[in-house]
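Below sits a lone chain in structure tokens, taken as the form predicted alone.
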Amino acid sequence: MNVSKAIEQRRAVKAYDPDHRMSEPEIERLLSLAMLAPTAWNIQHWRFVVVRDPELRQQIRAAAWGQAQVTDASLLVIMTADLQAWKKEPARYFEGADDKTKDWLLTAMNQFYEGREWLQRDDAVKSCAIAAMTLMLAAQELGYDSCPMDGFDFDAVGKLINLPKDHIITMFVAIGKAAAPARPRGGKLGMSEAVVRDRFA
């Protein structure tokens, strides 16, 4: 499947076959592709929490107001981000660069983020969002459906997965075999409204 087809066919599927199991190679393939997604400064903020424990999935479902895809999808990935990744052994993000370039990047990145917690968070969320989209498109190519989710109690889920204090949850991605088709597409904005040429009027 080409990229255009995957984009066109990907939908937020809510009903999944609870008996379908993904193979370990399939899961590894999906995650390895998601980890190729770009991140600010190559920080790779994302931490993919792959929830396999059935009891934990039930507890998370309760914190997601009973949404069935949490337990019925073959795979539940909680997209989390390490807000402090920018200062945790940052030289490794620039491996392969010459020393002068690496020193410049480390200094520039530190100046960019230091004291700007809002920016640390914004970039981590953006990086997770790009990785989530990559994960969903990769799933589509492999013949799986997916659903991005933010309808859950973030604090409750954080406690259930022992989320570190310097991490945040950005969303869930449920992946599996659809048991029912997605609902018809909702209204879509026209390009005349969604696309701004050069500047707002």
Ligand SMILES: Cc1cc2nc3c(=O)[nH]c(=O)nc-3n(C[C@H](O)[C@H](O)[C@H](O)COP(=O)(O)O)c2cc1C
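Because the structure is a prediction, the values reported are computed rather than measured. Counting begins at 1, following the sequence as shown.
The protein also exists as the form predicted together with this ligand; that form is not presented, and the subsequent description refers to it.
- Residues placing heavy atoms within 4.5 Å of this ligand in the predicted bound form fall in a single listed stretch, namely 142-150, out of 142-150, 35-43, 53-61, 159-167.
- At the 4.5 Å threshold, heavy atoms of residue 11 reach this ligand in the predicted bound form.
- This ligand is not shown here, but in the predicted bound form it comes within 4.5 Å of a heavy atom of residue 67.
- Along 98-112, a non-hydrogen atom within 4.5 Å of this ligand in the predicted bound form is carried by no residue at all.
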